[in-house]
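Heads up, the chain below is alone and in the form predicted on its own; it's given as structure tokens.
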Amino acid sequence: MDSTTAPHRIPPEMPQYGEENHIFELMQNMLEQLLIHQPEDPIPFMIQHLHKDNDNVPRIVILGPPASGKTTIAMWLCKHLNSSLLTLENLVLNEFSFTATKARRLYLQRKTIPSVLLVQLIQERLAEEDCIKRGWILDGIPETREQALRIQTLGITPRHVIVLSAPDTVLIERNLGKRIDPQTGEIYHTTFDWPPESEIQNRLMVPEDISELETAQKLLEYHRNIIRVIPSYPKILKVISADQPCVDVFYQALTYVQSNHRTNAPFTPRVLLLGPVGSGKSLQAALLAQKYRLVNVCCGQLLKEAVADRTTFGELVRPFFEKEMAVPDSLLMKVLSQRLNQQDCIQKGWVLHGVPRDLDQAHLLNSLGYNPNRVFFLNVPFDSIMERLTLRRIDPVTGERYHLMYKPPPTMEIQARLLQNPKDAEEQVKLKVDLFYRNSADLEQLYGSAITVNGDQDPYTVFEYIESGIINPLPKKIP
């Protein structure tokens, strides 16, 4: 490329394509696999890796002390995510593996197997089709730092690690009531989770080694090992309290494994703020533009500027302004395209508000290639909107703006001469709010990954929620 023509202008379609298809993450994952496996011929290896198409399948490790409920959580996650569960017991029971047969003999003798053999079993199991296509969940493995390092050395890298935690006294008490269904492997409890079916009740068995002394010894060994395992998984590990209802633990775990970790992928924010009149879109757009140097694109302001500057499009818009008529969508999109195509919007990103107002405008926006990568709905109750807008006033002498509740005029003289903008009349506000909510359901359906924010709170609190939604990856949608 000729350096004399620099700086080169990157078409807006290029970074947008990269973001939508996760090109950066795809290349990063492929590079990681190349460096781990170091194939003699990297080209066929990369082709095979792309054919697997499993970069985003669940790869989860669940750790926790005895009686923390990790097996129950792991089983529930497996059912929900349609993934394969890997436990020490089902690894050694694999009838088609010579390694498993060897491990089974050792396990029956010692109730444990060497780390080298365990990691070999895991490697064999993860190479099977179901684990490749649907992902996997390791229950209670690795137990030691040695196992964690051996697993990492083979290039087996989980995407999420969950560590359950609870006081030892709670765990000992909980362990005493544990019962196992020998047919299904389901775990029950005499106090917290007793099955209603008498058939299941009759076949439940008391597991071995659940006395208070044996549980205390296991807890001591667990605490000794876990503090050396945790540092092996920085940035992907979450500790969840197991001293709460099992359903709550499960939903916290599910929320975490459905989240995406932050990446180093280039990201240009294209933010769309939607909400009824008076929901605070303009203020939030200004705050985002100020902090992140985004281009603040207000559709109404663009039209006013075009008319004031007597541009070509402005002259076409002027008659509609003079007659107080709605500007046609085709003309509106031309004015908007002219702004969004400018280099500062392409390089810095933008925050758009005031459009789309309905599904037709949204489809037009998408057809022109202006697809937002973050969409926020600001949700504000009708009474709060009326309070915000209908009590606004302006001083015709000084031009100062007041609000009869939040910023009342300092003197009775000023209050007597205040005027209300006709747009803030109660009937006008009701009309605009009704119009927005007539179209909002269609817009919510179109923007399926949109984030709803409670706009009826302090503006800076609202901003923090929006900011969090921008800097963090969107959660995965799992059917």
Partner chain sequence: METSNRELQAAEYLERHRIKELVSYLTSALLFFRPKPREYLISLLERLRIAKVTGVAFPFFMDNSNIVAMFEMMDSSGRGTISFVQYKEALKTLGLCTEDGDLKDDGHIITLDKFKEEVNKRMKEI
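No experiment lies behind these values; they were computed from the predicted model shown. Numbering follows the first chain given and starts at 1.
The discussion below concerns the form predicted together with the partner chain, not included here.
Residues placing heavy atoms within 4.5 Å of the partner chain in the model of the complex fall in a single listed stretch, namely 52 to 60, out of 52 to 60, 406 to 414, 446 to 454, 430 to 438. In the model of the complex, the partner chain sits beyond 4.5 Å of every heavy atom of Ala425. At the 4.5 Å threshold, heavy atoms of Gly18 reach the partner chain in the model of the complex. Using a 4.5 Å cutoff between non-hydrogen atoms, Leu35 counts as a contact of the partner chain in the model of the complex.
Interface membership of Ile471, defined by any non-hydrogen atom within 4.5 Å of the partner chain in the model of the complex, is ruled out.
For the three residues Cys299, Met325 and Gly349, a heavy atom within 4.5 Å of the partner chain turns up in the model of the complex in no case.
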